[in-house]
Ligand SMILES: NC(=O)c1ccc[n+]([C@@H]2O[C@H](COP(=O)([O-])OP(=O)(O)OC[C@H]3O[C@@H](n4cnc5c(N)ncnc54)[C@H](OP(=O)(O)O)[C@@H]3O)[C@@H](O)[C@H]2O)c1
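There is one chain below, alone, in structure tokens, taken in the form predicted alone.
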């Protein structure tokens, strides 16, 4: 198993991509700290992992709160004694607006969730990641970071900034035993994209630009995260692994 004996923090672990990553990491031998706002949903994920013979810790917290990063790291260290992998997956977008009329509060909310929370958690976890001797940071961005993102500009800007921060972090930590890479999913069939799949016209518009002509599955993103988190990508840092069915290859 690729992650035997290692400890991973996965944010946004209660559903979708984050849940798939957490369950796969546990199946590959990792002790997993599950982070999300809903204690009840996290317990469901934890129960699935434990039933399969894995180890999981639930940390119900809002990652955008100022004290969240320190609380997550402290709880993980208290339970498992170290941190080898950090997956910053928590994120999303709850509104649509052109940038010209976007309220300052909306911009700040998107940046806080999709960028600031990840940076704070990296800062808090970094000493432990370095001490592990094989630390891996996986920042989950979005294909929206690679091109214009009409009506979700704040989300796209935050995810683009996360890619840039990942590259800078990789250079700054080049001689340290910690790698930092970005994972860039395209359109994935999760709860967050459910409203797009419910409307046949909108779904057709979305998939029309995807060369593979289908939605990605959360488990496909989880496999890419496993690659970045494990020693299989040991000479890879500062990179963006795009898993989008060919969407970003379109002009």
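Because the structure is predicted, anything quoted here is derived from the model rather than measured. Residue numbers count along the first chain shown, from 1.
Below, we refer to the form predicted together with the ligand, which is not included among the displayed structures.
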Of the candidate stretches 139-147, 123-131, 168-176, 98-106, the one with residues having heavy atoms within 4.5 Å of the ligand in the predicted complex is 139-147
query: Within 4.5 Å of the ligand in the predicted complex, do we find a heavy atom from each of 38, 89 and 92?
result: yes
Indicate whether the ligand has at least one heavy atom within 4.5 Å of a heavy atom of residue 238 in the predicted complex. no
> Is residue 61 close to the ligand in the predicted complex, meaning a heavy atom pair under 4.5 Å apart or at it?
Replying inline: yes
| message | Does any part of residue 188 reach within 4.5 Å of the ligand in the predicted complex? Heavy atoms only, please. | response | yes
Note to self: Check residue 223 for me: does it contact the ligand in the predicted complex (non-hydrogen atoms, 4.5 angstroms)?
What the structure shows: no
Contacts from 147-164 to the ligand in the predicted complex (any heavy atom within 4.5 Å), listed N to C, are 155, 159
